[in-house]
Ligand SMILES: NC(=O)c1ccc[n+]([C@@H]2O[C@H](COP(=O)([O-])OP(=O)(O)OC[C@H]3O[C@@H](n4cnc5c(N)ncnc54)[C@H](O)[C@@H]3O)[C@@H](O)[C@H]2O)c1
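Here you get one chain, nothing else, as structure tokens; it is the form predicted on its own.
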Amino acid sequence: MFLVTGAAGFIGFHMCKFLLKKKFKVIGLDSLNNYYSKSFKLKRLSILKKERSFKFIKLDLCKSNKLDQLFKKNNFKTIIHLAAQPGVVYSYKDPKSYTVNNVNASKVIFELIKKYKIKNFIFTSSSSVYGDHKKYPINENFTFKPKNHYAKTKVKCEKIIKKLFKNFNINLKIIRPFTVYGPFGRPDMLILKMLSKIKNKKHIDIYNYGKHLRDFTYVDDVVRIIYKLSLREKRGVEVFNICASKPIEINNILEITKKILKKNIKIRLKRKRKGEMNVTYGSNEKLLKKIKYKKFTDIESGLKKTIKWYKSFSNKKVLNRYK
């Protein structure tokens, strides 16, 4: 049985969906907070709940007693911890929520994993822990240079893990995904914001004049890789970048989208925002040495799939309020 935290979130939803197709039993946890549309999260859950082998529990991970009871009642084979407070800009508005939801909540999970001697654990960190560097691509040994509160909480969690699980009998993977996108994506991120603005014939604000480089990684690739890592029996803590390792400038993303939609895009170029990285460009060399993964989804194919989903998604209003 799998336990997936953040099951109503973007990657969590796709992770649960993938595991259910593989005929695993899955318990999904989520607090269903209001960071972005709750109805959008409930829509994701409504799809998962169609599967009899899926059980959803609304739970704040900081509620340690309730979580302890859940661990006691269930024999979890693998725990995939995807729950987190995301977002760079919002981290400056409410930094406390990042400490509570990313660090404190994760500590509760960590202690219960030790208590119940869980054998397989995947912790989701972030490519943002690296910050900006002079040389690319970034491999897993690069120095941490977090630029925002979100990234700092992920660094703190990684350090706690390495200390807490040192010499512990566990297959533990820390993953650092790079700019994940795809159907049912987060509405506060570029791709869905862009599609919503185009649909509503509004200007799209593009920061750093569109010169940011991003290592876009399609969500289906991410969940397949997480699953493969969950099967990898290697005692101790291992760290992996999850990335296509093919960075692309945001201006080029706009051009590809324009080509697919056959529409003009209204753009307002703006200066760089505080806390954002200039480049995300990871090395996946270590990952591909350890697991068999043939080919990452190219950006044009991934955008076509995302746009196809967006066109078919009926309740587009829940995606409209992000600037």
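From 1 onward, residues are counted along the sequence shown. Predicted model only: the values in this text are computed from it and were never measured.
One more form of this protein exists, namely the form predicted in complex with the named molecule; it is left out here, but the text below deals with it.
Novice: 208, 251 and 277: each with a heavy atom within 4.5 Å of the named molecule in the predicted complex?
Specialist: No: no residue has a heavy atom within 4.5 Å of the partner.
Novice: Would residue 124 show up as a contact with the named molecule in the predicted complex if we use heavy atoms at 4.5 Å?
Specialist: Because a heavy atom of residue 124 falls inside 4.5 Å of the named molecule in the predicted complex, the answer is yes.
Novice: According to a 4.5 angstroms non-hydrogen atom cut-off, is residue 33 in contact with the named molecule in the predicted complex?
Specialist: Result yes; residue 33 sits at the interface with the named molecule in the predicted complex.
Novice: Within a 4.5 Å heavy atom cut-off, is residue 150 in contact with the named molecule in the predicted complex?
Specialist: The answer is yes: residue 150 has a heavy atom within 4.5 Å of the named molecule.
Novice: Is residue 86 close to the named molecule in the predicted complex, meaning a heavy atom pair under 4.5 Å apart or at it?
Specialist: Output for residue 86 is yes: heavy atoms within 4.5 Å of the named molecule.
Novice: For the chain seen here without its partner, which of 180 to 188, 139 to 147, 197 to 205, 162 to 170 has a heavy atom within 4.5 Å of the named molecule in the predicted complex?
Specialist: One stretch meets the cut-off, namely 180 to 188.
Novice: Exactly one residue in 27, 61, 48, 287 has a non-hydrogen atom within 4.5 Å of the named molecule in the predicted complex; which is it?
Specialist: Exactly one listed residue reaches within 4.5 Å, namely 61.
Novice: Considering non-hydrogen atoms and a 4.5 Å limit, which listed residue (230, 91, 241, 101) is close to the named molecule in the predicted complex?
Specialist: The option sitting close enough to the partner is 101.
Novice: Could you pull out the residues of 210 to 238 that have any heavy atom within 4.5 Å of the named molecule in the predicted complex?
Specialist: Nothing in the stretch sits within 4.5 Å of the partner.
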